[in-house]
Every structure is written in structure tokens, then in C-alpha cells.
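The data below hold one chain only, encoded as C-alpha cells and taken in the form predicted on its own.
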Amino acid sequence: MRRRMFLAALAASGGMPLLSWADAGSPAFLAAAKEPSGGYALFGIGRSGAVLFRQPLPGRGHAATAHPTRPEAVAFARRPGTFALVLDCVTGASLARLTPPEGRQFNGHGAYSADGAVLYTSEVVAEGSEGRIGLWDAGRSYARIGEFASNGIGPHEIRRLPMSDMLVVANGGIQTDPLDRTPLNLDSMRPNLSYLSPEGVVEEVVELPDLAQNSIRHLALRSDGLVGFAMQWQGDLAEPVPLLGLHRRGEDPTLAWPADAEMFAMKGYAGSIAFAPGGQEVAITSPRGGRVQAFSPEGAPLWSVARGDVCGIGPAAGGDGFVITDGQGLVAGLAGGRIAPLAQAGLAWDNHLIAL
């Protein structure tokens, strides 16, 4: 705390050197959580699972995105939300509070351009749920500088492809009531995975017409551009459906079916997704099913493990497998279907574990 106060004083005096994530304790992950007091905060988590820093939030958080060069993070409100808080993770300062234009809502996710100059935010028009991608200038106190269509209804997670400024957008396809999030178009959904240029030009679109009620929600990227997408089924659960898809640009998508005994374990809901280091495993989580399922990059089932209220997942930092978080405050390693607890905090971790 004394060190953070010292750095804050340096920043105020204009004597602050260029800082890196090492100055914030070298966190491996970012995650939002609810605290025992009932308040909310964004946390930096180390490789050991220990909390390295805490940044209070004005309401429930969902996901975050980290600046590619500065120890700076944007914490997004749980959708439909009206705040995105830009945080200095070294000094603890709030650098900016973003508010969507009138009649818009943030949808929980965002991404930076490769050089960190532009922040892209996932948004919807409240009436009708048409998707927008907001553009914010990170060099001018995050002034809004434009927007373009997401090419779908209800965009959720957006990511930047590795070694590129192209965006991939998970358009969930669900039109919702702007006040209570009641789905309004389940019989006419058209979710898609859209690849957009930095100017918003649609470069490629992936749809699953035979699974139109499978809302595409969350994304994971492998270093070679392979995209994993996690889905949430909005139809009848009498028949099993795949909740993980894999796609490479220019090719047909691959759907990953779990082993027969695991067909219904996820209860139609995948909450988060991640590739393991090296990219030879991809896993999805389900807080509803209390389950983690892992697959090969070709979509073959590998293993499954039970853990109540599990949702956050990211690649293990400097190791094999994954790191997971749950609503009971657990941070744990997960490899080969075996859970190894790392740390236990008095927190209710929210949906996502964001790897740095």
C-alpha cells in the first residue's frame, strides 16, 4: 500500500516513469468479484492464485480487458450495463468512466487495437438489441471517436485476432427487453460469428442454421488464429446440443460434441472458454451444470470434471492446463481433469478470468 501511495504521488508530480504490469505485481489474470460487504471490485490475481491488487467498482462487473503495453485495465459492467471503468492498476487511480450513448447499453466485453490506441466496446441499441461496436481513443482520455455495426443482434464478447487488428465478434442473436432482459425472438434467432476489419467492414461470417437457438457468447483465441466459441442453448433441452465450436478463417466450423455420458452435464450453458498453453486443449465451463469439459482442437472430447458454480477459466500461467475460479472464492489449477486448489478467498468470483 505504501508503494502504491508513493507511485501515485510520483504520478501527481509528473515524475512517473513508464510503468509496466510488473509494477502492478505481475498479475497473471484479472477477475471481477463480489465482496463479503456486498460491494464489487476488480482484482489482479498472481500465478499462485493470490490477490495482488483490488480496484473497487461502482456495480457488478463482468469481464475486463487489459491494455497491451500499459498496466491499465477496463472493467465492464455486467450486461446490460452503463459503465466501463478505466483503471490504473499500479496507482489505483480511476482514469476514465465510459458511458454508452443515449439509448445504448454496454454488453460486458471489449478489446484494444494492437497498438493500444483504440478501445472497442461491445454494445447494443436498447430497443431492438441491434449490435454496435464503440470506438474510444485511449490517448485522449478515452473520448468516443466513432462506432460501427457488429453485423448482428446482441453482440457479447469481441476479441482481436493475434498479430492483427481484425476483430472477431460473438453476435448472440437474442433480442431482449431493455429493462428485464426477457428474450423476445427465440423463434427467429440468427446468432453469428463475424470477422470485422478495424473500420467495421464485414470480412467473413459464420452461422449455424441447424442450431439457430444456440447463442454464440464467448471467445478464445489460439496464437495461430484458431477461434473457439462457447454457446448457450435457448431451446428445448430434451435433445443434447454442442456448446463449443471451433473456426479458422476460410474454413467450415467444427462442432465439439461431448462424450455420451456428458451430453446433458452442462445444462445447455457454457459460461467461459479458454485454450490451454500450447493450444492442444480447449475447455468450456458451466456454472449451471457445475462442470468443466475439455476438447482437442479438432473437437474430440478429452475429459470432464465437476465443480459447483465454476465459470472463470484461463490458461495456466507458466504451466500446463488451466486455472479456474468459482462463486465460492476458489482459485485452482486444472490439468487432465484434476483440480489442484491454489487459493481460497472470501469472494464470489464472477464469470470470467482474463489472462494477461
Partner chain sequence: MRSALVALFLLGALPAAADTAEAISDHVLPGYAEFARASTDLAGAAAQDCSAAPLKEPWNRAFDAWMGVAHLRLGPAEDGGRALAIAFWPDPKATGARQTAAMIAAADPALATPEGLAGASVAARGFYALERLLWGAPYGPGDYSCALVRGLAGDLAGLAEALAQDWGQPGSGGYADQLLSPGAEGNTRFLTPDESRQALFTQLITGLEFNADQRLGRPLGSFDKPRPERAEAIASGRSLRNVTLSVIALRDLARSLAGEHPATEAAFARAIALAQDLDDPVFAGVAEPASRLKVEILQQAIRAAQEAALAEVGGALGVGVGFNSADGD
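Numbering follows the first chain given and starts at 1. Just so you know, these numbers come straight off a predicted model, no measurement behind them.
The following text describes the form predicted together with its partner chain, which does not appear among the structures shown.
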### Summary
Within 4.5 Å of its partner chain in the model of the complex, heavy atom basis, the matching stretch of 63-71, 314-322, 47-55, 34-42 is 34-42
### Query
So in the model of the complex, does any heavy atom of Pro297 sit within 4.5 Å of its partner chain?
no
#### Entry: Exercise: Pro341 in contact with its partner chain in the model of the complex, heavy atom 4.5 Å
yes
### Query
Do Ala348 and its partner chain come within 4.5 Å of each other in the model of the complex, heavy atoms counted?
yes
### Task
Flag Arg78 as yes or no: does it have a non-hydrogen atom within 4.5 angstroms of any non-hydrogen atom of its partner chain in the model of the complex?
yes
### Message
Between Thr91, Gln175, Gln232, Ser194, only one gets a heavy atom within 4.5 angstroms of its partner chain in the model of the complex; which residue is that?
### Response
Gln232
### Summary
As a check of understanding, the residue in Asp180, Asp252, Glu199, Asp260 with any heavy atom within 4.5 Å of its partner chain in the model of the complex should be identified as Asp260
### Message
Under the 4.5 Å heavy atom criterion, name the residues of 282-305 that approach its partner chain in the model of the complex, in sequence order.
### Response
Pro287, Arg288, Arg291
